[in-house]
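Presented below, as structure tokens, is a lone chain in the form predicted on its own.
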């Protein structure tokens, strides 16, 4: 593949608290603000506590999930008295960090989240963004304290619903396992290392370093699986099986146990071999998702560098 060049990536936004009970991002942003770290070398850094009301209440959200509010249709909808708080906040963030799809948008947006699932460090991004993929490749090579994985969402820019889509480039950084409303030192340290390496990568890129191409693995969603439910009450009748619990990214074969009913019976995986992610994620109970099933793909990256005048 031919080398691809990009304009300087001089404006970085680091966001946390999009979900108000995911504490690593909240405290990473607060620490950066305390240090008054608004520039490092060639990179100007904007730090944003994105959902302050939910952070104060230590809740995922107040009225609706902020991280589902950034589609073009929602951002362009008129604001009325009945508009939920999070959608109003999404429009404010779009003005501050975007507008989405514009030349004025920040060059790179990193939105830090926690998951209760055993996902290690997982970057989530839309389409084959060479910048985000090269950052992922760099983090994967540099970080040895935890697995570094990526999930690639096949969604158009206009339908991209999460905060990172506001930047010219961007990704969600999911880090776990960590319970909601709790701050774990080991998980915070993973976030801090990843943020430090992200800034290091940007400085190297802006100084003219060429990042060689290569191959990386990523996961793409196939379908979501709900818990077994009582047909009358719709209550769940089983929990994640102990052999699946904490085994995100481990290939599921037909016949492998996935649920254990409250009466002790095992429910097995059916169909093609797929990789589970976000297994038993707390926030997905309301969405009726026990885990997502994904395929593993290999992506070939071109070499990239800064555009030369």
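Positions refer to the first chain, counted from 1. Just so it is clear, the model here is predicted, and its values are computed rather than measured.
There is another form of this protein, the form predicted together with another copy of the chain, and it is not shown here; the text below is about that form.
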With another copy of the chain left out of view, which of 216, 236, 143, 151 would have a heavy atom within 4.5 Å of it in the predicted complex? 236
Between the options 188, 85, 130, 161, which residue brings a heavy atom to within 4.5 Å of another copy of the chain in the predicted complex? 188
Assess the spot marked by 11, 249 and 298: is another copy of the chain within 4.5 Å of a heavy atom from every one of these residues in the predicted complex? no
When the contact criterion is heavy atoms within 4.5 Å, does residue 206 count as touching another copy of the chain in the predicted complex? no
Find out whether any non-hydrogen atom of residue 27 is located within 4.5 angstroms of another copy of the chain in the predicted complex, and reply yes or no. yes
Is the gap between residue 183 and another copy of the chain in the predicted complex 4.5 Å or less for some heavy atom pair? yes
Decide whether residue 245 counts as a contact residue for another copy of the chain in the predicted complex under a heavy atom distance cut-off of 4.5 Å. yes
Stretch in contact, per heavy atom within 4.5 angstroms of another copy of the chain in the predicted complex, of 174-182, 121-129, 69-77, 86-94: 174-182
Can you tell me which residues in 253-290 come within 4.5 angstroms of another copy of the chain in the predicted complex, by heavy atoms? 260, 262, 263, 264, 280, 282, 285
